[in-house]
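We begin with a single chain expressed as structure tokens, specifically the form predicted on its own.
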Amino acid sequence: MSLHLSKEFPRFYGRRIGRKLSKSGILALKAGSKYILQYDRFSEDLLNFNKKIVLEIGFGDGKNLINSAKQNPEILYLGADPFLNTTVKCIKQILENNINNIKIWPDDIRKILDLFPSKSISEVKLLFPDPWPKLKHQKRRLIQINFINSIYKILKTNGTITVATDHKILKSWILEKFQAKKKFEWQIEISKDWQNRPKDCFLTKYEEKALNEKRITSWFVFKKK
């Protein structure tokens, strides 16, 4: 799955491969190759779809991505995750459920953000990104001003980005960075709004663990003006 790119991209921190893939995992990866986006065929593979497109960045166990696609077959879901093991797990679920409205980008989302045409994405979901809590690791956080600017460009007018976290430091960071970008409006009417999972998001394994450990989950929805 080598991309052979000549362009220089932001550095990705952390491991991309965990446990060695099982034989079934390797077979699933081959069987599900049609669901995987290729950098050099990006427009051909994705942007020829005349559907509403929802981008989920960091799909983890795939539960939210899979359930969303099953409930909304008329929407095209693009899932981006740099970890090969989670990609394999997700593809297995796609094959088992015979889902045809998901495409997977198995790498850092920042590598393809510039490939999206302006105003081509209806929604972005970023659920529980790595908080990188240490002060010296702030630059490793995905949510930076440049990232927000890229999301703003590809979102349709009135499009939304939903961000979830269970980490206090990242919670403050999210608000600070999005409020610095005056063209996004925080969708909140009462204080409890940010404490409740939006209706179009599903309980994931990660969130379930956070709840069991009594960590408060924060949900932020920002709309492009």
Ligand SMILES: C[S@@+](CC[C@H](N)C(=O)[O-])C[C@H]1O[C@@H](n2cnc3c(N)ncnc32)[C@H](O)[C@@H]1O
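No experiment lies behind these values; they were computed from the predicted model shown. Numbering starts at 1 and runs along the sequence shown.
The form predicted in complex with the ligand exists for this protein as well; it is not shown, and the discussion that follows is about that form.
Judged by heavy atoms within 4.5 Å of the ligand in the predicted complex, the contact stretch among the candidates 170-178, 189-197, 58-66, 36-44 is 58-66. When contacts are judged by a 4.5 Å heavy atom cut-off, Leu127 counts as touching the ligand in the predicted complex.
Though the partner is left out of this view, Leu142 does reach within 4.5 Å of the ligand in the predicted complex, counting heavy atoms only.
Proximity of Glu123 to the ligand in the predicted complex falls outside the 4.5 Å heavy atom cutoff. At a distance threshold of 4.5 angstroms between non-hydrogen atoms, Lys205 is in contact with the ligand in the predicted complex. Residue in contact with the ligand in the predicted complex (any heavy atom within 4.5 Å), chosen from Leu78, Ile94, Ile109, Leu155: Ile109.
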